[in-house]
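Okay, so here's just one chain, in structure tokens, the form predicted on its own.
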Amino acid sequence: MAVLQMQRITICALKKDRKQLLEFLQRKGVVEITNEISEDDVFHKMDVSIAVSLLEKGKKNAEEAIRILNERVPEKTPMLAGLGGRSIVDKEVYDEFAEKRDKISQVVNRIVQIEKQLAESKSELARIGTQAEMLIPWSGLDIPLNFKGTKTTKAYIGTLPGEWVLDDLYQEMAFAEEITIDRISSNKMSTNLFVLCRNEDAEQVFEKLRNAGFSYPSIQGNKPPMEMEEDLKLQTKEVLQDIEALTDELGELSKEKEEIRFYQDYCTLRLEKYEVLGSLPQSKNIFVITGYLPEEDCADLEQSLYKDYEIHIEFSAPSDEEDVPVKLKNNKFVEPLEGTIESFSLPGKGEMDPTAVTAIFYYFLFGLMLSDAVYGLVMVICCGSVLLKFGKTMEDGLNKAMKMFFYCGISTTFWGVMFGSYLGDIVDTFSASFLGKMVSIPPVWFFPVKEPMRMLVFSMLLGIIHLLTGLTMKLYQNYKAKDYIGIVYDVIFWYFLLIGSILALMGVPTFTNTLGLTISLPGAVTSIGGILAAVGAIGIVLTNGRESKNPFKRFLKGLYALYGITGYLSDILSYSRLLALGLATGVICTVINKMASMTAIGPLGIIPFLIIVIFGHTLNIAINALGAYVHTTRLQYVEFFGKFYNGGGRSFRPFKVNTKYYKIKEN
């Protein structure tokens, strides 16, 4: 377990090597660039805003093109293909892509343009469809909808609300000597009419129609509705042909999908490079890079740079005032928990890396909460298979997560064997249901469901060990910081109080009987425990307010610190969740098996039995594995870290290849 020692690096190189050097550092991915040198009469910073804007646009268009192709021309991919991570390509592939960059850019722009055209065509289809629906009520009319009449007549084509009878309409228009009214179509909501009258009656006819709620058709045309419908059908056919042609073109362009993905990554790499380039202090002939890198990478980087470039490099130890980034390095067993530590906070200045100790307790507690041998084997097999197949190419974060759950699966299997849980009591249920004789696999230790108090005592004992380990970590940190007074005042006195209180309580019959303990300590041991607890309490009261000069304030702060014993008590009680989740897994398993056994009637009963068992236990492992993950993490963050760990470190963010689809391999 280690927090890697960082070194400050300063690189001074010729301006002509700027592009190649930045790309090399990006592929190498070991230097966090800070560039803290400000502009002056000698050094200035390059304006890269135009280049950055173009690259951002190119990246955005590529992302949009890929989204369009995924929706319009989906490709079949294996279900687990996403676990394989990014494809690895040589540096030469990246260099050669510059020659076809413009061509792929045109392909990308064309795909985006086609999507816009398809959207416009769909809008046009919707418009045509709306017009066709509007023409349906007028399909029986054999003259254009915009027909206004002749020299001597006036025509009104439109709609009246409600259902009208022709006789009623004629009665309304009785004042007109010559008038023709045709009902084109009608329903309970409206009546579509054609009215023809003489010019001298036109105004009065229109007034009657207007008073009745007359309105002109929403669609107009110079052709009869039937002919307009034919025109709309022809337009629909043409639009559909355009859509088909555009879709076929997209299908052809989809063959360039991998190149488009590479183009997106190419823009991403160049965008990040230009952002760094814009922060570099440069003179007429040279430029300067400053930053941090792990000490273990210094020699290799220095050798590579001096080999290929005319360059000057300086390494120096960061000062205590600098905000130095943090990078962790651990062995393969511990490494999977680095992400969990970073999710909380990386170690601050002077703090140790808690990953190793956290990993041991994490795997141990997770398995104890899930505690079923078959569930554990399922986790081991699934995670192990994924790691064997994709482990070398899988992304780092996912790789660590798979390893973490692999080790958690081993722990779950172990505790399942210790507690005799194999899909709960599936062996008992199956044998009793189908073999006519109950067969059981006894636990190596005990059944928690049958002895919950024993499990509770064990859980609290683990909690005490976990918390005391946290205090020990604090002792070690104080020792490294040479804070020997802190070791005594902030750790040893708490040891005395906690351990002494436990020993004293073990001599109280009410306490031991409540927990079902049969251990009987000699009176001398419990007396010593009481003395240790008293010494610890007095020491805490007298020393925990030592930063105050006022004796009364110091005493009050000490009393408040002693009140922290209630926090330890609640922390220990928090470990009862080990009992709760362990019992939840076992009880739900038993319920599932009981439900399955109710269907075990006759030879064919095995079918519903297996269906219920498979479905039920799949759901149970998903729910309880999630619960074990959440609560194990909580015990680390709240109870364990609360005893010694502050965090606050800044994560090491090197200038590297942050692509989505491809990794560029340095030769």
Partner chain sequence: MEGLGIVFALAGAILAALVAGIGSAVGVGMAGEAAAGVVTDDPSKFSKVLILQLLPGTQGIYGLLIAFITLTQIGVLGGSSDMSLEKGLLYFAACMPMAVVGYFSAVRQAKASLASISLVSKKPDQFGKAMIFPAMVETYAILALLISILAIMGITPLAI
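It should be emphasised that the depicted structure is a prediction, and the values quoted were computed from it without experimental measurement. Residue numbers count along the first chain shown, from 1.
As for the form predicted together with its partner chain, it is not shown, yet the points below apply to it.
**Student:** Going by heavy atoms within 4.5 Å, which of 175-183, 545-553, 410-418, 590-598 lines up against its partner chain in the predicted bound form?
**Tutor:** Careful reading of the contacts points to 590-598.
**Student:** With its partner chain left out of view, choose which of C298, L517, M352, L583 has a non-hydrogen atom within 4.5 angstroms of it in the predicted bound form.
**Tutor:** After the contact test, the surviving option is L583.
**Student:** Among V239, L521, A155, M453, which has at least one heavy atom within 4.5 Å of its partner chain in the predicted bound form?
**Tutor:** After the contact test, the surviving option is M453.
**Student:** Report whether the minimum heavy atom distance between R634 and its partner chain in the predicted bound form is within 4.5 Å.
**Tutor:** Taking the distances in the predicted bound form, the answer for R634 is yes, it comes within 4.5 Å of its partner chain.
**Student:** Can you work out whether R577 and its partner chain are in contact in the predicted bound form, taking contact to mean some heavy atom pair no more than 4.5 Å apart?
**Tutor:** Yes.
**Student:** Taking heavy atoms only, is S343 within 4.5 angstroms of its partner chain in the predicted bound form?
**Tutor:** S343 belongs to the contact set for its partner chain.
**Student:** I'd like to know whether L626 contacts its partner chain in the predicted bound form, with contact meaning heavy atoms within 4.5 angstroms.
**Tutor:** L626: contacts its partner chain in the predicted bound form.
**Student:** Which residues, if any, of 428-450 lie within 4.5 Å of its partner chain in the predicted bound form when only heavy atoms count?
**Tutor:** Read in sequence order, the lone residue that approaches its partner chain (within 4.5 Å, in the predicted bound form) is V449.
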